[in-house]
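In structure tokens, the next block holds one chain alone, the form predicted alone.
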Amino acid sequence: MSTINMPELRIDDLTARIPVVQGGMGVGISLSGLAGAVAKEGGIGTIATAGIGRLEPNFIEDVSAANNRALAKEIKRAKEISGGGLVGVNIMLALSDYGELILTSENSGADIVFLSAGLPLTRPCNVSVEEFQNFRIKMVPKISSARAAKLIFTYWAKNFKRIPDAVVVEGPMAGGHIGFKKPDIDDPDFSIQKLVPAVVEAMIPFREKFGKDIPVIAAGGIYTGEDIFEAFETMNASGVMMGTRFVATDECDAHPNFKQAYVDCKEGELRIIDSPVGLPGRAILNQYISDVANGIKKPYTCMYQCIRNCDIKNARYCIALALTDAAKGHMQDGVTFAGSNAWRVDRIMAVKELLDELKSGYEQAVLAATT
């Protein structure tokens, strides 16, 4: 049992005993089961909203209504599981109904909303500036550069008379859709070791102007307790976000076949793919990905343009359908998003065991640095 505690993660008036945010993973990978378990152990659990309405029986008839109804149910269940722990929601700004999902998160008791896949430069559903200023839920954008952070914070300060409550800096080693151009993914200049300190520095004037701390959370490639120590010690991060490691847990909401794909994955089996939404993505190689790469089109019917910038006309496959099929355990009929360290996963464990392992690794790193 660790005797050297990790520092707490404070986001405005919220405090997580463990500075670990479980990343939101869609479609159907991180729902209330995983998010609630992480929150119960003192971290921040996150529900992914992408495709969440597929859990509802009338999804095809009214996709947006199904998404928001399912989200409200998942938030309620996660809070019940957590016993009062911190539950977040990840909302891609590229989603056609992102504004409604933010309001549902606010009204359903979620603690934090992580805004990803875009620059949040509009108020959700055109609520008034005063209403937006008084939102109970904490607003945390996910960005990939200091430039983006400055743009968002400057815009919010000028137009909303408030700033986000924290910021997540996600580097190119993350799984799923990646906010970098392909040539930049392996470029050392875009590593989180360089990106995070730059964002920390960019936040200084906003901290001073608004008189509040702005936690910077490092994401993308964080795998061990030693990595968490590095994020604090050398990057000046206030917390970390981790997705890949939480897939291989008992409480993860994905099908057991999905989790096993991580355990079976070899280092050379991770691929950067072209997604129909216009972003590169990192996934585990399978026949489906090979077929698409070779120009084979996978038939689908678009029921609802869930991602506004999806190239429906020319897309060779539907990424939402492919992700859903994988989450349901149909591994050769879908896409399995994964981070760059997925090949290191060797077993499935409970969330508590994983967090204890991270605490132990952090303690070892602290002791090594002080001896």
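So that there is no doubt, residue numbering starts at 1 and follows the sequence shown. Values in this document were obtained by computation on a predicted structure and should not be read as measured data.
Omitted from view is the form predicted in complex with a small molecule, to which the following refers.
Stretch 241 to 249 is the contacting one of 72 to 80, 241 to 249, 183 to 191, 127 to 135, since its residues have non-hydrogen atoms within 4.5 Å of the small molecule in the predicted bound form.
Site residues Ile11, Ser105 and Pro164 are none of them in contact with the small molecule in the predicted bound form, judged by any heavy atom within 4.5 Å. The partner is absent here, but in the predicted bound form a heavy atom of Met92, alone among Ala261, Met92, Leu101, Ala231, sits within 4.5 Å of the small molecule. The partner is absent here; in the predicted bound form, the one residue of Gly26, Gly53, Gly36, Gly334 having a heavy atom within 4.5 Å of the small molecule is Gly26. The closest heavy atom approach of Met173 to the small molecule in the predicted bound form falls within 4.5 Å. Of the heavy atoms in Leu31, none are within 4.5 Å of the small molecule in the predicted bound form.
Though the partner is left out of this view, Val113 does not reach within 4.5 Å of the small molecule in the predicted bound form, counting heavy atoms only. At least one heavy atom of Gly339 is located within 4.5 Å of the small molecule in the predicted bound form.
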